[in-house]
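As structure tokens, one chain now follows by itself in the form predicted on its own.
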Amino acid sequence: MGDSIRYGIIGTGMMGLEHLLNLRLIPDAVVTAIADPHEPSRVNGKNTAGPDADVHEDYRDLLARDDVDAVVICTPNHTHVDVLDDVFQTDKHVLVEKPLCTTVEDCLRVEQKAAGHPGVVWVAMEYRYMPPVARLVHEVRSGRAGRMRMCAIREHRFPFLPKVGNWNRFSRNTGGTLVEKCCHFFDLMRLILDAEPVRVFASGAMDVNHLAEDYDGERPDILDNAYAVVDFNDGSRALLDLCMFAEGTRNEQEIAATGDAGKIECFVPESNVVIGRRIPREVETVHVPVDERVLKAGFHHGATYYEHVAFRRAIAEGGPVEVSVRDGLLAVAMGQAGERSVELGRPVSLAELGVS
């Protein structure tokens, strides 16, 4: 491999297209091939990747190519484990979209196989790379708020978008909303608090969205709103407030990290960070700008671009993997514990899921 890194994109639905658009902004990133079994998605992928990218229906043909150094997996959640099995038969670097898998069992299987893989294995938790979120984490790490005690995350947004074959309407394919959507936020809780989760107590339902939908006689079974409280091993705690029928809101994501000396907040897409100190009482608002080209290349406030910059650095320079398979596993475990808590009406520990 020379200075350029040659990419293959597996899955060219909405998220695959976002990766393609962002790779076009990365110097020396070359997309040599794409793969998708769905013809309209292949057409969209080809149009976005450009004339030099070859197109495959079967991703295994892409994996067999010598001119692909790194692959990006953007297939439906429940397919990740099998696609990764095939990637691990190669020496290619891989960035796999969230969630890593839909169950803890499959994540543990991936973790075991990834341990012996010669390439970089990176889980795409892109919310870490939203510039205002990254600034919040930086302020927390600097000690501005003291010792972290609480983290509150609110996502109030639009419903799940339609996907090919409506796969995302069913928990068996997604892992459930608290895995599919909220793995991002469970990952951020661990990152912000710098602690490990012990148990999750969640309450949620499908109250508004998807109620009239019917797919060959089967009704969706995914949550459209939930609260989840997570206890961590150092005594800190976190709260998730999710609503997916709340388009009428100013900020889609609001995060508050509170320590014994102050509070750091961030707001997306407003892109502001609020830094508050207790003694003496001071409150400062900092606007975090994002390059307009990057904002236009996706739906995650520039995060996919900055994630790719870090992924490329890990490949080219042998730098650290910033989002590991273990990170992906724990985010899924927290989501699965939340889904089980909703079902059982009680707290669920990660130990019950076989995670220690």
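Computed from a predicted model, the values in this text were never measured in an experiment. One rule holds for the numbers: they count along the sequence shown, beginning at 1.
Note that the form predicted together with a small molecule isn't included here; everything after this is about it.
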Worksheet item: Does the trio W122, R190 and V288 actually contact the small molecule in the model of the complex, every residue with a heavy atom within 4.5 Å?
Response: no
Worksheet item: Within a 4.5 Å heavy atom cut-off, is H38 in contact with the small molecule in the model of the complex?
Response: yes
Fill in: L23, heavy atom within 4.5 angstroms of the small molecule in the model of the complex
no
Item to complete: Answer yes if any heavy atom of I10 is within 4.5 Å of a heavy atom of the small molecule in the model of the complex; otherwise answer no.
Response: yes
Discussion item. Taking the small molecule as it sits in the model of the complex, is Y129 near enough to touch it, meaning that at least one heavy atom pair lies within 4.5 angstroms?
Written reply: no
Worksheet item: Of these, 87-95, 270-278, 142-150, 179-187, which stretch puts a heavy atom within 4.5 angstroms of the small molecule in the model of the complex?
Response: 179-187
Worksheet item: Just one of R312, R65, K46, H300 has a heavy atom within 4.5 Å of the small molecule in the model of the complex. Which one?
Response: H300
Response to the item:
If we test each of F158, Y227, Y215, W167 for a heavy atom within 4.5 Å of the small molecule in the model of the complex, the one that passes is W167
